[in-house]
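We begin with a single chain expressed as structure tokens, specifically the form predicted alone.
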Amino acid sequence: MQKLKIDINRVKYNLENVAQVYNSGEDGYTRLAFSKEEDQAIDWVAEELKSYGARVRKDAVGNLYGRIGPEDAPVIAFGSHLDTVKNGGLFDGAVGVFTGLECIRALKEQNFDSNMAYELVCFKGEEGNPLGGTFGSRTVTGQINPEAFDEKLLKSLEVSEQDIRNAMDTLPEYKAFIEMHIEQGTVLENNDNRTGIVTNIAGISRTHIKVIGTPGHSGTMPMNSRKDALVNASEIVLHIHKGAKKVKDGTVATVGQLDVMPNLATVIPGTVELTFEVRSGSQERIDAFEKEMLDWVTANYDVEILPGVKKKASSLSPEVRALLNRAANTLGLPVMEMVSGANHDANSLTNHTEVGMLFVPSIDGISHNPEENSYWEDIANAADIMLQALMMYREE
């Protein structure tokens, strides 16, 4: 088989150019979900796709699709997202879109679409936003309830309930979907900067815990008479942290948000609201760890428990993983299989088609940060593996 190579310089130029032009932030890159900057970046990609001869369309919520190849051929899809967090980095999501764009160009120029169709997908609103993360991919796979959103909120984001209904369950039939993304951690860097092949996408379970104490004067209430909600909350945070460190299968737990009330220097904290999050590639582990922690909390403290966001862990396709491994082997590039601790659009598609993910190493694991960075050599390796896998589908 012919071994095409990604023009990584073209990927780099397009990625950096779009990031500079469509950016509302002063520090790093800000291209928020549902912002004009996200829309403009998606429109830029659409015009590039048209220049490559792709058939381009948008669905009712703004997801972008660009396809080459025969109308009636099996479709292999790939892509990611272009929105960022506030003051985010250059690569998150965008590296998958611009690599996918280069794949479309290379495949079209080499006539690799003669008996196979290829589609680049740019999903809308992947990052956390008022309508929930992975919004675009969850909508087209029927995982959104359009009635759950406030009408004023939808109007402010220029999305309607009818738009959501029109886009629901409209994802085309794909033979497979592959997403390339930065790792956002240090696993690959700690293993000689290999390309990652994702086996599982971790599930997420969040629980809101309200710790109830008694507010009082900070100068007159004796220490032994206090019921300090912040002290109790601190003990809960530490117990969760220590508990997660005892688990050796990659499970992680975080308390990353606390609201202290009344939050005054002269008042003993009366209540603390905190969010407890656990992530794991195993849904059984998530459920078991969460129950263990919450049983301990309710047995030892005065609390109110409210369930939060729940996203199930998913296993990615063994067939796609095998193909990605074979592509890497053909190119002589080292890879390693690993779990994704972050959620991605690929997770939304696991009940729709065969799904695979490639991870690019992140320098020092930094992401969602202006300092986010990856070596272009590592990006090129992952991109070449993806392109090789796409070509190999013709042999399947």
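In this text, residue numbers run from 1 along the sequence as written. If you're wondering where the values come from, they're calculated on a predicted model, not measured in any experiment.
Only in words, not in the display: the form predicted in complex with a further copy of the same chain, which the text now covers.
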query	finding
Listed residue that, although a further copy of the same chain is not shown, lies within 4.5 Å of it in the predicted complex (heavy atoms), from 145, 162, 298, 266	266
Contact assignment for a further copy of the same chain in the predicted complex, among 315, 325, 283, 254, heavy atom within 4.5 Å	254
Distance check, residue 279 to a further copy of the same chain in the predicted complex, heavy atom within 4.5 Å	yes
Touches a further copy of the same chain in the predicted complex: residue 47 (any heavy atom, 4.5 Å)	no
Touches a further copy of the same chain in the predicted complex: residue 342 (any heavy atom, 4.5 Å)	yes
Partner contact for residue 235 in the predicted complex: a further copy of the same chain, 4.5 angstroms, heavy atom	yes
Stretch in contact, per heavy atom within 4.5 angstroms of a further copy of the same chain in the predicted complex, of 115-123, 67-75, 176-184, 132-140	176-184
Contacts with a further copy of the same chain in the predicted complex, stretch 187-209 (heavy atom within 4.5 Å)	187, 190, 206
